[in-house]
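The chain below stands alone, shown as structure tokens; this is the form predicted alone.
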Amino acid sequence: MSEFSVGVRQRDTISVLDLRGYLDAHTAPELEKAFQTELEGDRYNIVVNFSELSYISSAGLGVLMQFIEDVRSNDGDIKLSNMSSRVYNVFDLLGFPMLYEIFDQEDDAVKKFLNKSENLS
């Protein structure tokens, strides 16, 4: 039985989703629910931290694709951080670096959101 969990925390105005475990077709609905909760709460600046994620399947990648349009149409974004080289290779192979900003560290992704907010005010 594969295990997966999503932790959600706030850093300033940014939601951070901490993924842990094995993200596949059986566990992807949990990530989907986490994104849905953020959007229902009008939180559109989202960082997904992959530091504890050991595996991602196409179903997990599909969840990210499912929400990006809604997030961006509300002036938000989904930024990705802390990927292992194995997880990053999957994203890279499928061209995700052209669609998403991917950061080595969560702090850098958060700063990118905060700098954008400062430039708008």
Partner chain sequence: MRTFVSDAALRLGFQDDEVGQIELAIDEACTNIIKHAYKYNPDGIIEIRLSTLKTDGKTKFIVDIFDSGISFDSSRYTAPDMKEYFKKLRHGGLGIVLMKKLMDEVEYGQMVGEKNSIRLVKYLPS
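Positions refer to the first chain, counted from 1. Please read all numbers here as calculations on a predicted model, not as lab measurements.
Keep in mind the form predicted together with the partner chain is missing from the figure; the text below concerns it.
Contact with the partner chain in the predicted complex, judged as any non-hydrogen atom within 4.5 angstroms, is confined among 74 to 82, 31 to 39, 58 to 66, 44 to 52 to 58 to 66. In the predicted complex, the partner chain sits within 4.5 Å of a heavy atom belonging to Phe96. The shortest heavy atom separation between Asp24 and the partner chain in the predicted complex is within 4.5 Å. Interface residues of 69 to 90, taken as those with a heavy atom within 4.5 Å of the partner chain in the predicted complex (partner not displayed): Glu69, Arg86, Val90, in sequence order.
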